[in-house]
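As a starting point, one isolated chain is supplied in structure tokens, in the form predicted on its own.
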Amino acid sequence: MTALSYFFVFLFYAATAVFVIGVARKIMQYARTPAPLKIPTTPAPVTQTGVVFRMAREVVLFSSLFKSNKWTWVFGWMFHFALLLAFVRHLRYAISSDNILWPLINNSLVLAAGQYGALAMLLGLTGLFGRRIFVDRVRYISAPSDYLMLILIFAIATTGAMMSFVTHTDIVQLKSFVLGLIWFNWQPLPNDGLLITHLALVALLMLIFPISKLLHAPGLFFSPTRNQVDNPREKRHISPWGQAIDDAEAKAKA
């Protein structure tokens, strides 16, 4: 193995550790943050089952974004759906041919959808980037990191699309490299400049993900405006720390 292969082996182990630990830490922080008030965005469901369906609509269909801005919804949903297609397509590098999922992942329709999904991803990113430039109120609240994050993801999608449509890499050796990372049986990385650039950008995204606005992905599930039942008259809402104060006061009076 070359020094470059060893570098990427340790780079991806480090990036994975930062990604997993960072996201897990942030989720724990979200879970521990008190929600002292009933603040679901109305009209809101009045049952827990309704909340589950509401969250499902938010995650799958981006329902609130659809109501807010149709053009943003089109480009945002296009990007996220294309990202899902790309993820499914990339699974073929991480599972062996005897895996139960292999016939589904290696299906020609799935592979084609993932390949052309890269173009849809680029189109969605272009729309989201244009929104930050040409919409005054969005440009006003946009920080440099917002633009840099879009540029980073755009560069990842571009290099990935180029390997599909312009110049191809050795996917057999690439799969051996990825499986070697998973099973700690390290294999050499293909000597392909475009692939190396693509993987370096992916590792960079993994490293900065836990400290970026991309954390809206897990954060959505902890949003009190979305995950609360609209029953303030039927049931008093007391946060855990508020309940502890009530219990202490009741004990003091006893």
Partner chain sequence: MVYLQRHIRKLVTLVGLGILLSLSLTSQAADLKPVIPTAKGGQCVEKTDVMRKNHMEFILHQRNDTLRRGIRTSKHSLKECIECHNAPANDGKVARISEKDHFCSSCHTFAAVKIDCFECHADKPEAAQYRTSAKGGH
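Fair warning: this is a prediction, and the values are worked out from it, not measured in the lab. Numbering follows the first chain given and starts at 1.
From this point on, the text means the form predicted in complex with the partner chain, which you will not see here.
Checked against the partner chain in the model of the complex, the residues W71, W102, F81, Y116 give one hit for a heavy atom within 4.5 Å, which is W102. For the residues L128, M162, L111, L122, the 4.5 Å heavy atom test against the partner chain in the model of the complex is passed only by L111.
Partner proximity in the model of the complex, defined as non-hydrogen atoms within 4.5 angstroms of the partner chain, places exactly one of 72 to 80, 174 to 182, 141 to 149, 128 to 136 at the interface: 174 to 182. Although the partner is absent from this view, R32 contacts the partner chain in the model of the complex, with a non-hydrogen atom inside 4.5 angstroms. Taking the partner from the other structure, the partner chain in the model of the complex has no heavy atom within 4.5 Å of any heavy atom of F62. The partner chain in the model of the complex is approached by T169, whose closest heavy atom lies within 4.5 angstroms of it. Using a 4.5 angstroms limit between non-hydrogen atoms, F209 is distant from the partner chain in the model of the complex.
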